[in-house]
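Coming up is one lone chain in structure tokens, specifically the form predicted on its own.
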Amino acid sequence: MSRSKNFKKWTVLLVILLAATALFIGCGEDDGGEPTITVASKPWTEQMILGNMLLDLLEHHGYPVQDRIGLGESDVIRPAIYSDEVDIYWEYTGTTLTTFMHHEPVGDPDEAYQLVKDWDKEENDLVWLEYSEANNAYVLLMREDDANEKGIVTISDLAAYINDNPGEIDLGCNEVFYEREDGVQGIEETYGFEFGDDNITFLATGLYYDALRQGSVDVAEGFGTDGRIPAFDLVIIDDDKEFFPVYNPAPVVRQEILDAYPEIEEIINELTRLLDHETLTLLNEEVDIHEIEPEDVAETFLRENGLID
């Protein structure tokens, strides 16, 4: 191999190494010796909005920040925060309970929050700030007009209707939800009914909203704060037996960062208190329906609520 080709080879390797170093660098220090706050999020609408809110809010107050918005799902972010490569991100109570604590699902928001807060502090030296009352839990959805016509308000109503009219209701969901204990199998056992095998349509995640709106299915799984629910005139069937575990979002931060910047706790809590269920749903709708970028939705919300100039 010529010297020229060798040089090009090592140049490429050096570029890759530098890129990898930049990708995985975490909590560093700014020029003044203060720790940089690395803000991460998962790579989907609600998380991108929430992550950008944290990033903008902290930056507005003069804290050195690093942007890792859209880094990956919990299985990526958790190892990163454990190894100090990420300092703060929004997590859901139900995710931590079931995925990391291997705890049985909990339907009470305060109980779920206290369980994850205590566990993460003791096991990982992570602090859960205040949680939002928005609940991005699994839900069952129907078209509003169809639900009204059939007199279905609760899942108990749905169970009674299916038991009286077997084979009439088609469900749209993905295969994971069908097999989960806190999915179809658990719902049927808790409420005492069964969707017929011929009444299940497996769809890719997210496609069930369109399938329900277009009448391809009668009931679909969904997530409680998805902006397509109000936009598509869908309604959440009330989980009257509180089967589904709660998924309230809250910022999770490393204790070391709070020790360095104790005042950020109240700054961030002020934001969280504004994010009720309806508000977060409408913010998601801005992205998923009106195609506004998550960072623009986040910035506009902060400005309109006087949290940044």
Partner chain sequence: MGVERLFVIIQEQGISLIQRHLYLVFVSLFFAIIIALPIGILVTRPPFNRKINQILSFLNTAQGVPSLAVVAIFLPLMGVGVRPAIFALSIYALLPIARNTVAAIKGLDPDVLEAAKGMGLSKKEVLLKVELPLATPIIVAGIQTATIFTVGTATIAHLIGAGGLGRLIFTGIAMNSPEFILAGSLMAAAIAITLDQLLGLFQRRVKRKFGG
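In this text, all values refer to a predicted model and were calculated from it rather than measured experimentally. We call the rigid core the largest set of C-alpha positions that still match within 1.5 Å between the two forms. Residue numbers count along the first chain shown, from 1.
Omitted here: the form predicted together with its partner chain. The next part is about that form.
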For this session: May I ask whether 176, 204 and 216 all come within 4.5 angstroms of its partner chain in the predicted complex, judged by heavy atoms?
Result: yes
Exercise. Its partner chain isn't shown here, but in the predicted complex, which of 122-130, 71-79, 162-170, 191-199 has heavy atoms within 4.5 Å of it?
Worked result: 71-79
For this session: Just give me the single entry in 118, 111, 210, 144 that has a non-hydrogen atom within 4.5 angstroms of its partner chain in the predicted complex.
Result: 210
Exercise. Core-aligned, does residue 202 move its Cα 2 Å or more between this form and the one not shown?
Worked result: yes
For this session: Note yes or no: does the Cα of residue 108 move by 2 Å or more between this form and the one not shown after the core is superposed?
Result: no
Problem set entry | Comparison of CA distance in the predicted complex with shown form for residue 276, residue 232, at least 3 Å | farther
Seminar exercise, completed: Against the displayed form, residue 232 vs residue 279 by Cα, in the predicted complex, with 3 angstroms or more change: pair is farther
